[in-house]
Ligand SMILES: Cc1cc2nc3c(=O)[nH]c(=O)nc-3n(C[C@H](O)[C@H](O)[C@H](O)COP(=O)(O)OP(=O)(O)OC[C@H]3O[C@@H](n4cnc5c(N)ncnc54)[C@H](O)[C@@H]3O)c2cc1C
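The chain that follows stands alone, in the form predicted on its own, written as C-alpha cells.
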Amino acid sequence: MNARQTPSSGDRRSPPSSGFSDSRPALFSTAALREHGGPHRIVIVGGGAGGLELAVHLGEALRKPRRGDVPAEVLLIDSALTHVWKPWLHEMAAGTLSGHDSGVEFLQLARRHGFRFHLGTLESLDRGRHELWLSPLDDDEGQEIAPRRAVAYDTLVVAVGSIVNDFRTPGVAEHALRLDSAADAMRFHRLLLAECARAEVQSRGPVEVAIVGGGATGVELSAELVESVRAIAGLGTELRQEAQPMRLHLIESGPRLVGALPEDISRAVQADLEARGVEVLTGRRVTEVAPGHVVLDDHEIVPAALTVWAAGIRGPAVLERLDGLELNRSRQLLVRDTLQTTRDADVFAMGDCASCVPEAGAPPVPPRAQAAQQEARYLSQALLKRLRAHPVEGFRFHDRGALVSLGSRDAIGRLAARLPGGGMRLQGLLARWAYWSVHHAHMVRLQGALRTAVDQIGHWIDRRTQPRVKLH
C-alpha cells in the first residue's frame, strides 16, 4: 500500500474526540492517528518565520530517525516560492531592502533540510477525510498550472499568519494599501516612486502619505519612508527644494504609539518621529478612507496621495472555511496550550493565525515573530514526541522584549523582560544591532552559520556599491 492509500475498514481506527489528556504532562498518542501503509505525513501550511523553522527542524530530525520511530515525512505548503522575513516588509515598501535580504527560496531549503515543498494556496479543509484543498494555481498570464486539488495529511499545522484588520472602516478595501505580504510591499514601493515622480515633474510640492496605526509596523514604516523619500528627492531638482519632501501623517486611535512597549519608550519614539518631520496624531480614529485623503472622527480631513492601513490584525478569511474549527472575534484559531485546535486533535495552529492562552488568567501569546519562533521550537519537539507516544508539557511563551526600528541606523526598545525592573532599555546603534541580530539568528537556523556569514558579506558589499533606495 502506498503512502496515500486508504486502509481497509478492518484496519481503521476511529480517532477519539481529543488527542490529549487534560492532565499534565499532556500525552500525544499515535493511537489517535489514522493508520496507513506509508509514512506519517505532517503538513505545514504557511512558510513564515514559524512555519518554515518548524519544517526545517522536523525535516532534519525525521531524515535521521531513531530506531523504532514511526516513519514520517514533512510537507510545507506556501503560496509563494520565496520566504521573506515579514518584520522587514516596511524596508521593502520603502525600497531600502537590499537584494541579499529579499528572501530565500523554499525549494532550496527543502532540499537541504529533508522536507518537501508544494506551491499552493489553502482553500478549505475536510477534517473527516484528513484532506485539505488547495485553490487552482495560475501563472502570471492567468493560465492554469494546476487544478483545485486535495492534499492528505495525518497531522496538520496551520501557520498562515495574519492580515490587517480594517474594522469595517469605509473605503479601506478600495483606497488603502496594506503590508500583509512581499507583493503588497512591492506594490506600495511602485506607487511611492510614481508619486515622487509626479511631485517632481508637476512641481506639486511634498508627497502626502497617511499611515493608519501606530504600532510597530506604522512606526517603522514612517521612519523608513522619511529616509527613503529624502534620498529619492535628492536625486531630482524640484522635490529637493522642499524643506520636507514628504508630509507624513501617522494616525493612532490609542493614547500613544507602540502601546506594547513601556510609556517612556513610546514617548521617545514619538519625539524621534516628530523631530524627523512626521505629524503624529494620537487618540484620533479614522472613520473613512477616500481617494486623496482620510477622514478623522472629528470630521477633519487629512490629505494623502497614499494611505497605508496598519491598524491591528486578524486571521485570513480562509480560517472560516476550515470545517468548523473554533475562532475568536479576531478570526484566529483557538488552540489549547499544546497548540492543538480546540475541536480537532490532529490540527495544530501557530503564529499570528492562532490564539493561545498558555495558562489560566494569562494574556494570549502576542502576535510577534519571536512568539512564532518559540512555538516552532516547541512544536518540533512536541510532534516528534507525539510520533513516539511520549508525554510533553504545554507551550509557555517567554517574552524576550521588543525592538522598534527607527531607520537604517537607529532603533529603540527593551530586552530580557524577565529581569528585575522590566528588562534593559536599548537605543541607537546598539539597539539597531540587536534588531538586526534577530533576523541573523533566524537565517542561521535556516541556512547555517557559514552560508549566513557569506550572505552577510554580500549584503555589506551590496550596501556600499548600490544606491540606498531602489528606483524600480
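Because the structure is a prediction, the values reported are computed rather than measured. The numbering used is simple: start at 1 and walk along the sequence shown.
One more form of this protein should be noted, the form predicted in complex with the named molecule, which is absent from this view; the next part is about it.
J.: Among 330, 244, 370, 381, which has at least one heavy atom within 4.5 Å of the named molecule in the model of the complex?
T.: That would be 370.
J.: Can you pick the one in 231, 193, 318, 150 that has a heavy atom within 4.5 Å of the named molecule in the model of the complex?
T.: The residue from 231, 193, 318, 150 that makes the contact is 318.
J.: For the chain shown here without its partner, which stretch in 255 to 263, 332 to 340, 85 to 93, 268 to 276 has non-hydrogen atoms within 4.5 angstroms of the named molecule in the model of the complex?
T.: Every other range fails; the passing one is 85 to 93.
J.: Is there a heavy atom of residue 48 lying 4.5 Å or less from a heavy atom of the named molecule in the model of the complex?
T.: Yes, residue 48 lies within 4.5 Å of the named molecule in the model of the complex.
J.: At 4.5 Å between heavy atoms, is residue 214 in contact with the named molecule in the model of the complex?
T.: Because no heavy atom of residue 214 falls inside 4.5 Å of the named molecule in the model of the complex, the answer is no.
J.: Would residue 344 sit within 4.5 Å of the named molecule in the model of the complex, counting heavy atoms only?
T.: Heavy-atom contact with the named molecule at 4.5 Å: absent for residue 344.
J.: Flag residue 78 as yes or no: does it have a non-hydrogen atom within 4.5 angstroms of any non-hydrogen atom of the named molecule in the model of the complex?
T.: Yes, contact at 4.5 Å.
J.: Would all three of 179, 352 and 435 be in contact with the named molecule in the model of the complex, where contact means some heavy atom lies within 4.5 Å?
T.: Yes: 179, 352 and 435 each sit within 4.5 Å of the named molecule in the model of the complex.
J.: What residues of 120 to 155, in sequence order, lie within 4.5 Å of the named molecule in the model of the complex by heavy atom?
T.: Those in contact are 120, 121, 122.
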